[in-house]
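Just one chain follows, in the form predicted on its own, and it is written as structure tokens.
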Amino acid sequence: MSKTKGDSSAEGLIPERRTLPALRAAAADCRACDLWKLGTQTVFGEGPRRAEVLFVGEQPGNEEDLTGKPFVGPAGRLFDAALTEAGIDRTRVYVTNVVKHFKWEPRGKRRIHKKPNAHEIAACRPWLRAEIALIKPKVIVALGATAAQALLGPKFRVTKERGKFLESEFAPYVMATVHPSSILRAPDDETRREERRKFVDDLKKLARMIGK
């Protein structure tokens, strides 16, 4: 089943019998917005069905688009290392993105990330809602402004509320922090080390929360 031109939400693609494999299979054919024309494939979330923690990023990057797996590129590797340092086992968390296709623009031979717009985020939101409803995490961690605003509203500012555990309709707690890609974009090594340290500190707060 495919979305026809003019449709603006993935809602009609959500299967009646909701399992992670069923959602993943249905999302593979999603054409709710035009990003399917840019992406190699849908990159759906991955992780255990009963994960206590669900991490949400903005969208897949170049390596994720090519492999079909979330958080496997440079930012994903930094994310893995930070989780390990904070004492969190990645195999026990669920990772996904607000938008499931890679949005990019050419720069020479490279494909450069381009921020998804409000229409693309809204079109893809039913997939994220279905993932959250199925997994029922104790904590959702929004990585970056796009994920945080998709969950907590357009006025939410990560810079003001970073690292706080907030109530939400989606889970008992939602916490926002930076996306690991922002650490990689830091202007120099010293800033990068400091931003990484603060990111790990946020994850350590998370580890204490889920350890209660």
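None of the values given here were measured: they were computed from a predicted structure. The first residue of the shown sequence is 1; numbering continues from there.
The next section is about a form of this same protein that is not shown, the form predicted in complex with a small molecule.
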query: Contact segment among 104-112, 81-89, 129-137, 68-76, judged by heavy atoms lying within 4.5 Å of the small molecule in the model of the complex; finding: 68-76
query: Heavy atom of Thr177 within 4.5 Å of the small molecule in the model of the complex; finding: no
query: The small molecule contact in the model of the complex: Gly57, any heavy atom under 4.5 Å; finding: yes
query: Gly61 within 4.5 Å of the small molecule in the model of the complex, heavy atoms; finding: yes
